[in-house]
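To begin, one chain is listed below as structure tokens, in the form predicted alone.
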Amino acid sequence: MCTAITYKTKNFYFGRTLDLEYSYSEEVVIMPKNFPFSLRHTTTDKRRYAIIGTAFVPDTLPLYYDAANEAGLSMAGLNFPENAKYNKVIKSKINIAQFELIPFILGNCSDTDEAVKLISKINITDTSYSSELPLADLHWIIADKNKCVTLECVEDGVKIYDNAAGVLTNNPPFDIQTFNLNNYINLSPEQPENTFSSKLELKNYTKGLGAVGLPGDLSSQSRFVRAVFTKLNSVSGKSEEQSVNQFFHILGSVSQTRGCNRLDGNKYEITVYTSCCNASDGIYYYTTYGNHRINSVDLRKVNLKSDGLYRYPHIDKESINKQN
């Protein structure tokens, strides 16, 4: 399970947590615009934009979890079990395998409106990458500095929702998640007034009582509410350091600690990594469960017209600054 958010100060930021009980040895991968990207069902893709993001590279093709392109468009795929429904090949459509969707959209679109227009021409197929890597049930968040949408492929077709909150988690479907926010209309960052009863003298005996009722569990629906509340009430400076620092604090509100979410086989779901991409400038920041120091990779410090991948394995060993 995972959480993705958008954030805007002077620049536009996009990122996510990856919550799993295992790791695929993720890397920050830059795909230059001339990288030979052969699609399964259509002709070789001629992309306009280079891409940076976290991916698993099983052989030569990066399988992106989240990424941004040099134009500032960003996209992430999050787990959407039992709800995602893909199709067989349809000859009248541009057939894109589910695992090809992020690099195809980001390689060809400069903003969210272009992405939505292209998606209307696409058929997302149920093609697996390989027998060892079966089909993943996903839905997607797509955003630029001006607009954010959620893309879901379900039993009754493709759904594209305006995402004013700029947040996505997992189940249930996005329209249900957003409707559920009505149940928390009373939450506030301010100290509350006594509306319980004029007959009782109730007092604010501690700080933070305006957020009483904010769910704190690890379910996707609760994480959605918590991330939306935290993000939309977040206040930070506009500098790069202040913005990035605040972004990681927002996603820290939904991070998972080993031991709190036990799965079958005595395994535990944890926040494997957290990302924050300055999509305006192409700088990709990340932390991992084993390393809280913020690391960065700069898209514009490599040759974006190259035909080879640039790969930077996640650093997962804690780096402690010893002051004495």
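All residue numbers refer to positions in the sequence shown, first residue = 1. The model shown is predicted, which means the values in this text are computed figures rather than measured ones.
The same protein also has a form predicted together with a further copy of the same chain, omitted here; what follows describes it.
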| item | value |
| --- | --- |
| The single option of Ser110, Asn233, Asn87, Ser128 touching a further copy of the same chain in the predicted bound form, heavy atom within 4.5 Å | Asn233 |
| Candidate stretches 146-154, 111-119, 224-232, 129-137 - the one whose heavy atoms come within 4.5 Å of a further copy of the same chain in the predicted bound form | 224-232 |
| Partner contact for Arg258 in the predicted bound form: a further copy of the same chain, 4.5 angstroms, heavy atom | yes |
| Contact of Leu61 with a further copy of the same chain in the predicted bound form (heavy atom, 4.5 Å) | no |
| Contact test in the predicted bound form: Asn95 vs a further copy of the same chain, heavy atoms, 4.5 Å | no |
| Tyr289 within 4.5 Å of a further copy of the same chain in the predicted bound form, heavy atoms | yes |
